[in-house]
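The chain that follows stands alone, in the form predicted alone, written as structure tokens.
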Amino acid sequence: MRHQYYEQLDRIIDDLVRVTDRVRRSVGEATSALLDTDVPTAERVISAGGDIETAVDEIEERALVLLATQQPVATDLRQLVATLRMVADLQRMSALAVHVAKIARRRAPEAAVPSPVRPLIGDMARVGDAMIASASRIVAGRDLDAAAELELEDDRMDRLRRDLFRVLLDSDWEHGVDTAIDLALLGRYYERIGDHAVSMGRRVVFLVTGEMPVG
């Protein structure tokens, strides 16, 4: 009976990693839709959001069933609690990818990102992608060193967002208020994607050590 229980725990973590990878693809496709003014890709990201939501709900339900029926203690309890927290992070990252895609769709056929800020948005997207990839590896391998490095990537993301605001607030800005608002939102979306990746890393630290890092 306990063997089956641990198999179920392992499957939950495996599925958590798979959904994290799906979220990463969704964020990447949303960025492509944004920078390439690709409406079909934007639509695909928006549609995939519901599928990811379903997958996350299934993981959450299975974790809750184990929590209610097996009365886990110590590391097993921490694993289930961390899983429940991480599925919430994945839900938010998926929703943020959908928000990015919706901006791309709304602005089409015009480009949502003017050329002066394309490098900044591209850098934010690349850092976000790397952070989600790191979160996936951290969850799969319980790598505490990688979790610490993820915090450094979060600092880089914060710097990029500040750089974006400096461009938007510059007196030479000539792309209008609506575009500036969209770009401010995009900066926030990518920053929050990184924040949720960091949160997942911290949950793994909690799982392994029993202590939650202070951000």
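Here the structure is a predicted model, which means the values were calculated and not measured. Throughout, we count residues from 1 along the sequence that is shown.
What comes next is about the form predicted together with a further copy of the same chain, which does not appear here.
Just one listed stretch, out of 145 to 153, 43 to 51, 24 to 32, 165 to 173, contacts a further copy of the same chain in the predicted bound form at the 4.5 Å heavy atom level, and that stretch is 165 to 173. Note on the partner interface in the predicted bound form: the residue among Arg137, Lys102, Arg126, Arg92 having a heavy atom within 4.5 angstroms of a further copy of the same chain is Arg92.
Put simply, Glu60 is close to a further copy of the same chain in the predicted bound form: some heavy atom of it is within 4.5 Å.
Looking at Gly122, you'd find every heavy atom of it more than 4.5 angstroms from a further copy of the same chain in the predicted bound form.
The closest heavy atom approach of Val39 to a further copy of the same chain in the predicted bound form falls outside 4.5 Å. Although the partner is absent from this view, Ala108 stays clear of a further copy of the same chain in the predicted bound form, with no non-hydrogen atom inside 4.5 angstroms. Each of Leu77, Ala184 and Arg192 places at least one heavy atom within 4.5 Å of a further copy of the same chain in the predicted bound form.
Residues of 64 to 88 that come within 4.5 Å of a further copy of the same chain in the predicted bound form, judged by any heavy atom, are Leu64, Leu67, Ala68, Gln71, Pro72, Val73, Leu77, Arg78, Val81, Leu84, Arg85, Val87, Ala88 in sequence order.
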